[in-house]
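First, one chain by itself in structure tokens, the form predicted alone.
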């Protein structure tokens, strides 16, 4: 099939709320048919701004758009008997169900893993909850900030001697969503081997903790509680410095001799020409001094001039850019990272972040713009499940869809 995705042919039913909708998006981006099952009237995430044209509307939420690109939308009241019946019929032909309800909620609705596996023994159910399905915290609520704190992400973020700083964006949610997608795909691979489905129980807090690259290894490997270091990387080989027109990331790895000769040529090396600094262990131990010297060096350097020269010398320096500058980033342009997605209802296209990875045989692409509320009800219920038009009207009137 031309332009088929890596997961083309798989069907996923997405019951997640705003905390975990990226999980389904990742699968949809690889070609899976992800059906966003929303309550009548639309998912609450559709009420999260900002909105296109600054006009609050369920079909204009930029938040919802980002997390639900490439999905279809079906509205269905799972608290209604007929709604549950229709959902189970969808489960019978689905490969996976992803959900983020509180532990036990779906089971009380008659839609827990045991019920779903009886309908379809091969179905994969992935549950993304703050603290998993069991344990003393299973019934606790948590938002991204709480998860970032209990996952160790918040504690190490900020300057020494000052309060911790909340990580930018929704990094805990995103970490959990990626692990949810990975867990779902691993379960699908296991099904290829034994033909059986399984329940993937994902703790968002544990996923967040495992996504912080140095906190857990330092504690369990060396018994060390990692401190806040400001912009100094935990490896102690990187730190952010300020040029007159922006910020750069210093690095003391790579060709140290070339870096010192460059700095010395500008008359700013101070003591960095001393032989002891040739030892990368010493550079790591006394990193603050080195970066203080390098900060003094770059304070009068134009950032682009610095970066061009560093690349010629094969020094791993990098720019630290504000988000809006990414649109003009040469590397992202070369990758065609940003893509235009048509929204015909609004008479224009919008620019979206594109592929987070490059596949050659099954490239990432836009299959469809984010769905309107219940846009595919008729397509799914009538064309695929055989629900009659008269019943569809009744279901709509009774707010089952």
Partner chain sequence: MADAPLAGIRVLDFTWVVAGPVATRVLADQGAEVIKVDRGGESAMSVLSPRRIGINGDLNRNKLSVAINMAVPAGVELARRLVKLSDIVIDNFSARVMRNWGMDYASLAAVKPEIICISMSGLGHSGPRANYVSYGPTLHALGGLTLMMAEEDGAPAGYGYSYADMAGGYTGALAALAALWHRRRTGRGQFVDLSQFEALCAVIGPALLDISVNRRAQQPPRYDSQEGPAAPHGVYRCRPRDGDDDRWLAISIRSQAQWERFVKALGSPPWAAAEKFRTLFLRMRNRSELDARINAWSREQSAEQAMALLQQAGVPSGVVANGADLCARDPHLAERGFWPRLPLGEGVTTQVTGIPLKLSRTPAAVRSAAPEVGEHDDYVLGQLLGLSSAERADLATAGVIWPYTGAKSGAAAA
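Numbering follows the first chain given and starts at 1. Everything numeric in this text was worked out from a predicted model, so none of it was measured.
There is also a form predicted together with its partner chain; it is not shown, and the following applies to it.
Q: Would you mind picking out the stretch of 259 to 267, 104 to 112, 74 to 82, 209 to 217 that comes within 4.5 angstroms of its partner chain in the predicted complex, counting non-hydrogen atoms?
A: Contact criterion met by 209 to 217 only.
Q: Only one of 187, 287, 243, 88 gets a heavy atom within 4.5 Å of its partner chain in the predicted complex. Which one?
A: Exactly one listed residue reaches within 4.5 Å, namely 187.
Q: Which of these residues, 274, 300, 141, 292, gets a heavy atom within 4.5 Å of its partner chain in the predicted complex?
A: Contact check passes for 141.
Q: Heavy atom to heavy atom, is residue 378 within 4.5 Å of its partner chain in the predicted complex?
A: Residue-level check for residue 378: no, no contact with its partner chain.
Q: Test of understanding: in the predicted complex, would residue 37 fall inside 4.5 Å of its partner chain by heavy atoms?
A: Although its partner chain is absent here, residue 37 would stay clear of it in the predicted complex, with no heavy atoms inside 4.5 Å.
Q: Contact between residue 373 and its partner chain in the predicted complex at 4.5 Å, heavy atoms?
A: So residue 373 does not count as contacting its partner chain.
Q: If we define contact as a non-hydrogen atom of the residue within 4.5 angstroms of the partner, is residue 174 a contact of its partner chain in the predicted complex?
A: Judged by the heavy-atom cut-off of 4.5 Å, residue 174 is in contact with its partner chain in the predicted complex.
Q: Enumerate the residues of 41 to 76 that have a non-hydrogen atom within 4.5 Å of its partner chain in the predicted complex, in sequence order, or give none.
A: In sequence order, 48, 50, 51, 52, 53, 54, 62, 63, 65, 66, 67 come within 4.5 Å of the partner.
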